[in-house]
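First, one chain by itself: the form predicted alone, in structure tokens.
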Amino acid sequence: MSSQPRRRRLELEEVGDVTVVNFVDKKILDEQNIQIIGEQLFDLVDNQQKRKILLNFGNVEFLSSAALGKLITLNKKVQTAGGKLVMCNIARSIMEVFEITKLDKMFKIFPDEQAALQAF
């Protein structure tokens, strides 16, 4: 139990057996927010036994490199649990970072949520 109430950074929606995660924040930059987002994402796998996770970045305009680290860790957790992590609606500026860092090869990325859901 957390002593201080924390605002949810993620909105979750179940589409069949896929958990669709929408990010509340347009800018995922500051360390505290990234920590909270990481905890909430990891909780999906570790405690809620979610195995099919779709991250929808439709609302996100900026993503820090620290946030990328959380996504890499999440991907490993999901794979270790025998699940699948897919992403969609990534802004062009963020996508460029994924390409430069070769993360576009690590993650399954789709242009929209419908295409991403069909990947499961």
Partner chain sequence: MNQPDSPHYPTRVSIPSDLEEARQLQDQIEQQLMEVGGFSEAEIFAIKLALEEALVNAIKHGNQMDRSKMVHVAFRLETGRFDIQIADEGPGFDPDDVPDCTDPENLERPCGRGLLLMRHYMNRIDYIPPGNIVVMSKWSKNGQA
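Worth saying up front: this structure is predicted, and the values here are computed from it rather than measured. Numbering follows the first chain given and starts at 1.
Keep in mind that the form predicted in complex with the partner chain is missing from the display, and what follows is about it.
- The putative spot formed by Gln48, Lys84 and Lys108 is not touched by the partner chain in the predicted complex; no residue has a non-hydrogen atom within 4.5 angstroms of it.
- Using a 4.5 angstroms limit between non-hydrogen atoms, Ile36 is distant from the partner chain in the predicted complex.
- In the predicted complex, the partner chain sits within 4.5 Å of a heavy atom belonging to Phe62.
- In the predicted complex, the partner chain stays beyond 4.5 Å of every heavy atom belonging to Gln40.
- The closest heavy atom approach of Leu74 to the partner chain in the predicted complex falls outside 4.5 Å.
- Taking a 4.5 Å heavy atom cutoff to the partner chain in the predicted complex, the contacting residues in 23-59 are Lys27, Leu29, Asp30, Glu31.
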